[in-house]
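Just the one chain here, the form predicted on its own, laid out as structure tokens.
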Amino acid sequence: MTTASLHGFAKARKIYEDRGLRARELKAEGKKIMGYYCSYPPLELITGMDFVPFRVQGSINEAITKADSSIPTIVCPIIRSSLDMAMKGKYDFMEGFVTAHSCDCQEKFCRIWEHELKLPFHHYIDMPHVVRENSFEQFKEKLIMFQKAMEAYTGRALDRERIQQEIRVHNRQRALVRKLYDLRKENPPLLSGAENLEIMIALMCMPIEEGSIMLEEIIQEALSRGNGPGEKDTRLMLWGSPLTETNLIQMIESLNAHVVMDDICVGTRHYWADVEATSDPMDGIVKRYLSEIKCPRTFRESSSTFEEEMESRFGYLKDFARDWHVDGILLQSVKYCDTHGYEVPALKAYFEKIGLPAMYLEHEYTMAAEAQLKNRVEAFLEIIA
């Protein structure tokens, strides 16, 4: 069965279960697939060069058997799994690969990928980690280098009008994603957290405009169906490192809780912020990807007091908690993810200050860790009930 015959929830589920299915169909039709990693490569430039962006991910269901010969086992397991799947040919439909310096592990991963896979096109964006006045100009120069590299590879130029057009296309999808998340403000929510994650991952494995059509279908299905998530006592928000499968959220939602909001980079971080309309469209792209994506990998200069700094860094989470009627926060990260692990003490202190209970879960990138996590989540739900 091809994805062309599927619509709405059924299409998202099929693509979620077979991430490369749509990409292989598109390659057979003559389309070019550009792999990317993390949320920082600017997709507007990729689609502007007529590539279909495909987010490379690992899989909790795939044993790592090849990558450990090239990358240490104390490195982020999602990165190891992603490399392992690529080395096994699971991403052989990609013509190129682009990533950015989101963390040091990913920087090394990018170099190893280039050495091991040897794709026709490869590019690494060395983006700043600090948001200062001169950071925007520095990042703009890096993105212009990326644009020129794609132009040299394809033999054609990307003009300003095409970039502006792509910004509108991507912003339309982001608006639809925000509309989808609004369905979870209801009590009970019209969409489960596990369903939402399936949809987000599927969107990252298909053309942008096709994904927007699928989103419109899903929103209408969710509004009209009568078998959505039922009543539960607790509403949770999930924060942390990326999830490549729904098993963690499914475990949480098998208890007396709904996951109604998230702050993860395969969720709101990836989709929430629009690119502003600017006279030079690259300026809007620079601001969006450097400053508006709320990832702990980016340091923002301190405010005058600790309280002001905490509000500047985490105030958007308080807004999420208020608007989605959240009762508690689950902070999670995979083992060896220092980027998220180091953020946890400050985040917990912030949530305590505003009166929201929070618990931190560090977990292995395996199905076997789920039983222990379930016991801890159950205890947390009993405390906040």
Partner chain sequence: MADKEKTKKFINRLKSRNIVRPMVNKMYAEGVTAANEGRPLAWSMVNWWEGDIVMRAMGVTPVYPENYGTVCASTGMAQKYQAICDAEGFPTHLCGYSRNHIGYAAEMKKLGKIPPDAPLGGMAEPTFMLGSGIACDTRFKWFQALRQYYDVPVWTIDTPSYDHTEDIDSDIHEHNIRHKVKELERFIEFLENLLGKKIDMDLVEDYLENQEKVFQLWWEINELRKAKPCPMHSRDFWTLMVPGYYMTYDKDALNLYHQVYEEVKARTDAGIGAVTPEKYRLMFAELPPWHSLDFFEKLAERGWNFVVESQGYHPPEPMSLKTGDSVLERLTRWTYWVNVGHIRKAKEKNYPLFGPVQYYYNWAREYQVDGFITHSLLSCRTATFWLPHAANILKEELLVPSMNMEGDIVDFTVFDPDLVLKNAEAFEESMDYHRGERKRKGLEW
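Positions refer to the first chain, counted from 1. Please read these numbers as outputs of a predicted model, since none were measured by experiment.
Only in words, not in the display: the form predicted together with its partner chain, which the text now covers.
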Problem set entry | Contact label in the model of the complex: Ala346 to its partner chain, heavy atom within 4.5 Å | yes
Exercise. Would Ser70 show up as a contact with its partner chain in the model of the complex if we use heavy atoms at 4.5 Å?
Worked result: yes
For this session: May I ask you to check whether Ser39 falls inside a 4.5 Å heavy atom distance of its partner chain in the model of the complex?
Result: no
Exercise. Is there a heavy atom of Cys110 lying 4.5 Å or less from a heavy atom of its partner chain in the model of the complex?
Worked result: yes
Exercise. Would Cys105, Asn134 and Ser304 all count as contacting its partner chain in the model of the complex, using a 4.5 Å heavy atom cut-off?
Worked result: yes
For this session: Work out which of Arg297, Arg174, Arg269, Lys232 lies within 4.5 Å of its partner chain in the model of the complex, going by heavy atoms.
Result: Arg297
For this session: Heavy atom within 4.5 Å of its partner chain in the model of the complex: which of Pro128, Gly284, Pro207, Gly96 fits that? Just give me the one.
Result: Pro128
For this session: Could you tell me which stretch in 72-80, 275-283, 261-269, 184-192 has residues with non-hydrogen atoms within 4.5 Å of its partner chain in the model of the complex?
Result: 72-80
Exercise. Mind listing which residues of 335-353 have a heavy atom within 4.5 Å of its partner chain in the model of the complex?
Worked result: Lys335, Tyr336, Cys337, Asp338, Thr339, Gly341, Tyr342, Glu343, Val344, Pro345, Ala346
